[in-house]
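We begin with a single chain expressed as structure tokens, specifically the form predicted alone.
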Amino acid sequence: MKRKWLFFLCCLLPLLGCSAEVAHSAAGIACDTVVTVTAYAPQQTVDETLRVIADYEALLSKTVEGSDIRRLNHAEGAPVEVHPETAALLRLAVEIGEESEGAFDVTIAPLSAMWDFTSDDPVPPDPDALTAAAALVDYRNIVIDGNTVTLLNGAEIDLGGIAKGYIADRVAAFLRQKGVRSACINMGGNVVTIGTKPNGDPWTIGIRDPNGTPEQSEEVLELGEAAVVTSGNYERFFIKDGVRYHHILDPKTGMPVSTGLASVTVVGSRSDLCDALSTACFVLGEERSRTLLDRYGVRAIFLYSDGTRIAYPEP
């Protein structure tokens, strides 16, 4: 069994070139993944990004004691005052839930909690238990009034499909405030680039070959300032009785999505949007994703398990 977050080179591989200026890097583990920040900036500035990441993880993680999300999930339906940024992120999550017709749903926590992809002997959940948990999943059970959030009907939140993208955006904003004009942030497959390399060369981002090793790229994108996020079914999975189960779940059933896709890569200007949309598009499939991609003005690359590649919109 492969576990997604233990790979240093995940779905996206930033390939840094040489420059006359000096790049500094910082690396750490946050949000259950390896994080690397490389910037043409003083080492102290780059090191400070790890503190920024830790602060946001403490705010948005469902497992960190005292976080907004943990408090919400344990409030038993009572209203909870949250940080303004938490409220704003939840508004975005609800919006994408609506636009994707529930393909992206941050109230998926009751379902995701039933799957253990890290066990030495993982097994699929009981079908009746999945059905009962699926009845609790509905983004419309998140009620937001200013900075007060209420979860209705037993809903619980898991921001795993959007939080890393949001945090990567916040790290980029922090670096820009420090005057950094060239950087690459990688949060386990969520990549944000600032500007170009100092010599004017674009950043080269490799989209992993779903049928290859983590180091093998199916395609290389040359980008200036952008956000790139991949959702793939090839990192966290297990095989039981000849059936392969992966971690991208259909919010309506709790079962792994079966659309023939191996990965979806979304490219845009905001990592939070790309993060959520990559999951939504994986659930919807390529054809049903087109309206959603048009709605947000982003592009996507769909890689199928049989090797088929579809880009939308076409270059």
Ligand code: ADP
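Small disclaimer: the values here were computed from a predicted structure and weren't measured. The first residue of the shown sequence is 1; numbering continues from there.
Another form, the form predicted together with this ligand, is not on view; read the next lines as being about it.
Between 43-51, 275-283, 22-30, 66-74, the stretch whose residues reach within 4.5 angstroms of this ligand in the predicted complex through a non-hydrogen atom is 275-283. This chain lacks the partner; the member of Arg170, Lys197, Lys178, Arg236 within 4.5 angstroms of this ligand in the predicted complex by a non-hydrogen atom is Arg236. This chain is displayed alone, yet in the predicted complex one of Gly206, Pro110, Pro210, Gly160 has a heavy atom within 4.5 Å of this ligand; that residue is Gly160. In the predicted complex, this ligand stays beyond 4.5 Å of every heavy atom belonging to Val34.
Interface residue remark: Leu59 is not counted as part of the site for this ligand in the predicted complex, having no heavy atom within 4.5 Å. Using a 4.5 angstroms limit between non-hydrogen atoms, Arg270 is distant from this ligand in the predicted complex. Shown alone here, Ala103 lies within 4.5 Å of this ligand in the predicted complex, counting heavy atoms only. In the predicted complex, this ligand lies within 4.5 angstroms of at least one heavy atom of each of the following residues of 247-277: His247, Ile248, Leu249, Pro251, Asp275, in sequence order.
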